[in-house]
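Just the one chain here, laid out as C-alpha cells, in the form predicted alone.
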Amino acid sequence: MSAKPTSAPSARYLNASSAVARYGMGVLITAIYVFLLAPVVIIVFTSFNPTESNTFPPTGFSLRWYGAFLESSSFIEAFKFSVWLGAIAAVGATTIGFLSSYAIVRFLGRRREAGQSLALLPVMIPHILISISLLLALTIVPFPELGGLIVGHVIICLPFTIAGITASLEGVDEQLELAAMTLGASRLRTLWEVVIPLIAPGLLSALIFAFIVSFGDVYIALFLSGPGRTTLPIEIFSYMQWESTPVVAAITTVQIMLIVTLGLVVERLVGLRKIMRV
C-alpha cells in the first residue's frame, strides 16, 4: 500500500510558518541589538555637539569637547594612570594566568575541570564584593593602597587570561614538550623555547583583554584608589556629580574606540570566543 502524499496546501502552510518564524526571530534579534547599541550611538553623536547641553541629535558638528578633554589636566592624568594601571595589571594577570593554565592543562589530569572552575571563580563574584573584601583586608594587613589596587585589578583580569591561555595550550601537542625534554631541555627551557612561541598569539590576546577589563573597571578603583591615583572612569563619575557637558561623551567615545580597536586585535589573533569561554 503506497504512502499518502503530502498535500500541496499543507506544505505551503509549513513553509509559510517557517518563513514567519525566521522573520520574527530576525526582527527580535535586530531589536535586541538596537536596544544595546543605541546608547553607544547616542553618546558618540553627542560628543560632537557644539553646545554645552547633552542634546540628541546634535545641533551641529564640533570637536570642541575633544579639545576640552585634551586640555583638562585632571582627565589626562586620570587617563595616563588608567593606562599605566591597566598595563601593570595585564602583565601580572597574564603571567599568573599562563602558569595557572599550564598547571591546569598539564598536571591536573582528571581534576582539570575542577581546577579550571576554581581558577575562573573570580568572574562569578561581583566586583563590588571583591572591592569590599580587599578594602577590609587592607585595614588589617599593612599593605600600600596602590599595591591593593593592583592586586584587585589582577584578580578581576585573571579569569579572562586563564580562559584564553588555556584555549591556546589545548592546541599544543604535549609530545613536542616531551621531545624537547628528551633531548635534554629542562622544563623551564621547554616552556620558554617551545610552549611560549607556540601560544604567543594567545598570550598577547590575553594581555590585551586583561588591559581592557582593567581599563574599564569602576568598583575596584572606587574603593581602593587614593588621592592623586584616580582612574579615568572614577574621574568621569566625579565630574558628572557636579557638571554635565558633552566632554564626558567625548571621553567615552575615546574609550569606546580604544576598546573596539583592542578587541579587533584580539579577534584577529585568536578570536574573542576563546577568550570569553569562562
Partner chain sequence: MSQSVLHLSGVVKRFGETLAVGPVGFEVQEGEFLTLLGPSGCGKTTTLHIVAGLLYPDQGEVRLRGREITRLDPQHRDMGLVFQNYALFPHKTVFDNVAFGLRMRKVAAGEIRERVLRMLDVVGLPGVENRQPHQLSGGQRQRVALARALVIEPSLLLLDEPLSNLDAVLRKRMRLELRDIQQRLGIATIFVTHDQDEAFEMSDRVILMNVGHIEQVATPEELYDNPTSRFAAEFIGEVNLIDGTVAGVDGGAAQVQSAIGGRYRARGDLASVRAGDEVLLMVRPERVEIEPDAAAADGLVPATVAKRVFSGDLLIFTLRTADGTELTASKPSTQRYRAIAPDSSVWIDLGECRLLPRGA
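Residue numbers count along the first chain shown, from 1. Note that the structure is predicted; figures quoted are calculated from it, not measured.
What comes next is about the form predicted in complex with its partner chain, which does not appear here.
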Interface membership of R111, its partner chain in the predicted bound form, 4.5 Å heavy atom rule: no
Proximity of M181 to its partner chain in the predicted bound form, heavy atoms at 4.5 Å: yes
Contact test in the predicted bound form: I130 vs its partner chain, heavy atoms, 4.5 Å: no
R189, heavy atom within 4.5 angstroms of its partner chain in the predicted bound form: yes
Position in contact with its partner chain when the complex is considered in the predicted bound form, options T95, S117, S74, Q175, heavy atoms within 4.5 Å: Q175
Its partner chain: the contacting residue among L204, L135, A185, V83 in the predicted bound form [heavy atom, 4.5 Å]: A185
Options 194-202, 99-107, 154-162, 136-144; stretch whose heavy atom lies within 4.5 Å of its partner chain in the predicted bound form: 194-202
